[in-house]
Ligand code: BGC
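First, one chain by itself in structure tokens, the form predicted on its own.
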């Protein structure tokens, strides 16, 4: 079969320029960078490549009972003596806007007033679902739940609002979005992904970047974004965080690199490195990935920052370096520009020695520092490194919270509704139970006010848990609460069953406690036995059971699916999640979420929707609990009249696709229209289908809308046997709902 070669990896979504627009052109900034660089000593340059955690320059950690205290002497030493160019993180809890301003002002005062070249510090933070370390901020659904909205506009707005609130805190750099693919559901950072698909991840991540950075990241409501974690981090073979991935070159290029390329094209200015290893090579030492591909093929010109302490770990953990010095040399020469050290000055000291010994050329240092200075200049930090004085008034506004609530509502996926038990009738007597029903932490997950997100005492008293939201919606007298179980043990299941006898319906909230990164590692994907038992015992009452799953990854619930009448997969819907669930259960809003991953039925049957033809055998088939892209509504939709504008195309032609969608039910609702593509025959086995377009529309009862898509030739491409991207002649099938159309590429 004839193949058309494509020179570089091309994504199905093409966004933006290499860098967003700025007040000054890139060339003007490059001149300023070069001039400043020429004035700097080697010590100052290496300092710019050094990043410390706030803890390293603090006298007291922050807790729910005491305020963080900066060590001003240590801070001045870091910036003046060691020329530290970047600080990150909190220690250990979220700050008020006012305190962030005080902190950032102290840092920038030292940097701009007590150093030779007055280079401002670049402060970074993990604001992964809103300004997560700023009190009273707008905290959106986590990435996996935002992906479930299938709403590009909402994701862009989330980027805009988060950027506004992070910058209002005085912080110009956000370590987000995660562009890793969620193709390993055991992985504890699964919920930080946009799901299992390349196209969905590329699209949602790019929208977030565009919203966060805009056309001018120097604006007071914009920040620099950081793609995480380049590359292959999310696919560990054993499912544990920071453990080995085995990914072939072809697979890496087909599945894991394209979303990062999309983020680069959307304008992301920084990238954080995979904290683990791929094919036996720790990524922090991988010149092929960090330079040959990232710089050479993907044309990334921004800053590459290490993850937490991972340069040291090339020696202490991975043992690919025989000394701390060799670890620094290996990482810098592989392509790392900035080291998240994060506690000491070892990177600074060792790199200085390496340059003095001419083991690392100063040209490589100049290259890295130029990239760092350019980001600082594009952020406008040289003109004004200080927080905006009115920052507090921009955080958590009613307008932002309204967008947040809409996002939470659209993120919730209804996967079962037997006999239309939902929505629940007003005046119904409800028994609410389960370990996730009365905690805000289980709605939000990690990176919320603290690293693990599990300190409920830090959460705002004004926010509603599922229980509080249902009491507000249905009336406190109509809602009885009984805990039932904790996450992993029985508390009062027998008492809960007794109380449920007087209820019209039972709402059971199950799932996981909040966690983040390695502490979230576990050994069993099935939901904890005590939680399964709670539903089992309640089902004996023969009363309607509504199951609400609040979880960071899809826990297997096969044993209780038939015992529940309705099931909501809510995942991590954020601070407004309780209110959103109440709106859906009451019928005030119709569910519109669709799964961005395949929800597994069995722990040893973890398949993806874009599986291969060989996986369609009876003994090896895609049979999840619920399929990728699935989600029910309170209405029904009818698809018809699927058309394509041509049946034969060349490699340079687009295809226009239209389809009619009608709301055939009785309530207004949103529908995510999904277009899938299948390449019937290829020199490499092709997936049975892949998502290549989606759009979310609103339809009144009886209303019909025509939805249109454009399929670009690059959507037909794939990585061939020689690891280059190609398009092959042949037959293709377009699927929308149950409709299909064929076309031929010649």
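Numbering follows the first chain given and starts at 1. Given the structure is predicted, the values throughout are model-derived calculations rather than measurements.
A second form of this protein, the form predicted in complex with the named molecule, is not displayed here; the remarks below concern that form.
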{"item": "The single option of 284, 594, 376, 189 touching the named molecule in the predicted complex, heavy atom within 4.5 Å", "value": "189"}
{"item": "277, 254, 610, 126 - the one with a heavy atom within 4.5 Å of the named molecule in the predicted complex", "value": "126"}
{"item": "Complete contact of 200, 628 and 692 with the named molecule in the predicted complex (any heavy atom, 4.5 Å)", "value": "no"}
{"item": "Contact stretch among 534-542, 307-315, 455-463, 599-607 - heavy atom within 4.5 Å of the named molecule in the predicted complex", "value": "307-315"}
{"item": "is_contact(residue 229, the named molecule) in the predicted complex, heavy atom dist at most 4.5 Å", "value": "yes"}
{"item": "Interface membership of residue 400, the named molecule in the predicted complex, 4.5 Å heavy atom rule", "value": "no"}
{"item": "Touches the named molecule in the predicted complex: residue 242 (any heavy atom, 4.5 Å)", "value": "yes"}
{"item": "Close approach of residue 340 to the named molecule in the predicted complex, 4.5 Å, heavy atom", "value": "yes"}
{"item": "Members of 150-180 lying within 4.5 angstroms of the named molecule, judged by heavy atom, in the predicted complex", "value": "175"}
